[in-house]
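Next up is one chain by itself, shown in C-alpha cells, the form predicted alone.
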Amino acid sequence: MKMQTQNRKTEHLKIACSENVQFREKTTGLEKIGFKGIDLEYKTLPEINKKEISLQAEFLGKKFSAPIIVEAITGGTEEARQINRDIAGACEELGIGMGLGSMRAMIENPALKETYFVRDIAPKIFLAGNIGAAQLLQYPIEKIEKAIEEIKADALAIHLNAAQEALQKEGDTNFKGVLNAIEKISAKLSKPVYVKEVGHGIGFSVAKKLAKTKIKAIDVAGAGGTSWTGIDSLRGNKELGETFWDYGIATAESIVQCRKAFKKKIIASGGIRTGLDIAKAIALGADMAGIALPVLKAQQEAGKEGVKKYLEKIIEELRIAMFLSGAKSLKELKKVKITKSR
C-alpha cells in the first residue's frame, strides 16, 4: 500500500507534466472568445491611480499580498520535495499562500515527511495540509492532527475527488459517511478546515450541506482546467476515461452556485490561468483564487525563479484588470459589474 501510493503520485506528476490533461470541450466559463463569454465592465475613465491599488487579502487568519494560493500539487515522492520547496520559496518572497499534496503517503510512511516540509524556507506564508475525503473514514482525527503539526500547516484542506477515484484503477469509492466525517473533523481539529474539489466542481446542493458544518471555506476547483478523470484514465482506464474526461461543473458556474449556498470564504480554482481570470472570479463572488498546473510547469522549466516570474505576471495582470475596472481594492472589485454575452 505504501509503495502503491508513492508510485501513483509519481505517475500523476509525469502525466501532468508530459501530456495534455486539460478539459477538451468544457471550459471554465470565465473566458471571453470573440463576443461570447463573460467580461468585467470596462471603465475607460477609471478615476484611480494604478499605483495605489491594493491586492491585499486575508484568509483564515493569514494576510496575503495578493488573493492567490498555489493549489495542492504533490508530496510523498522524492520528486515532490524539490517541487514543493521551489514553490514555497517563491510564495514566501511574494507573500501568497500554498497548499501541499495529499498527506496520505506521509501518514502511511512517516519517512516521507521531508517531501512535504517547507517551513524552513517559508516560515510566514499560509500553508495548507491536505487529505482525501475517503481517508477521513480510514484515519482517526488524532493521526491527521499529528500530520498537520509535523508540517506546521495553518489549515487542513479536505479534497473531494469522487470522479477521480471512480476512474482510478486502485480508486477508493467508499464515500458513505464522508459528510459526517467532515462535520466531525471541522469541529474538533485545532486548525481551520476547508473543503476543495480537485477539478470537477462543487455545486449548490453539496455547498448547502457543507454550509451546515464547521468548515471555514470552499475551494470550488471547477471544470475547465486540469481533468483528473483524464489523468487517471491515462494511467490505465482509457475507455471509461474518454466518457468522463469533461465531467463536472464549470468553474464560473461553481463559484455562483457555491456563493448562493455558502456565506463564508470561497476560493476560485480550476483553469485559472491569468490575473484577469482571478478578477472575474472575484467579481462573481470568490474571495481568493488558486492555481496549480501552470505553476508546476513553470517550476519544471526554471525552478523557483520560474515559479516566481509566472506568479508575478499573474499578480500584475490582476492589478491591471482592477485598474481597468476602477477597483482600488478587492472589496471594490467584488462590486464590479460582470457583462455576459452569448
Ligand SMILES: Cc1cc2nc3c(=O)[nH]c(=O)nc-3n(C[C@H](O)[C@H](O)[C@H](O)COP(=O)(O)O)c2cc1C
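Everything numeric in this text was worked out from a predicted model, so none of it was measured. The first residue of the sequence shown is number 1, and the count goes up from there.
The discussion below concerns the form predicted together with the named molecule, not included here.
The contact with the named molecule in the predicted bound form, taken as any heavy atom within 4.5 Å, belongs to 294 out of 303, 37, 294, 285.
The single contact residue among 261, 181, 94, 73, judged by any heavy atom lying within 4.5 Å of the named molecule in the predicted bound form, is 73. Of the stretches 311-319, 277-285, 64-72, 38-46, only 64-72 has residues with a heavy atom within 4.5 Å of the named molecule in the predicted bound form. The named molecule in the predicted bound form comes within 4.5 Å of a heavy atom belonging to residue 198.
Contact annotation: residue 221 falls within 4.5 Å of the named molecule in the predicted bound form, judged by heavy atom distances. None of the heavy atoms of residue 324 is located within 4.5 Å of the named molecule in the predicted bound form. Using a 4.5 Å cutoff between non-hydrogen atoms, residue 102 counts as a contact of the named molecule in the predicted bound form.
Residues are counted as partner-facing when one of their heavy atoms sits within 4.5 Å of the named molecule in the predicted bound form; in 158-182 only 159 qualifies.
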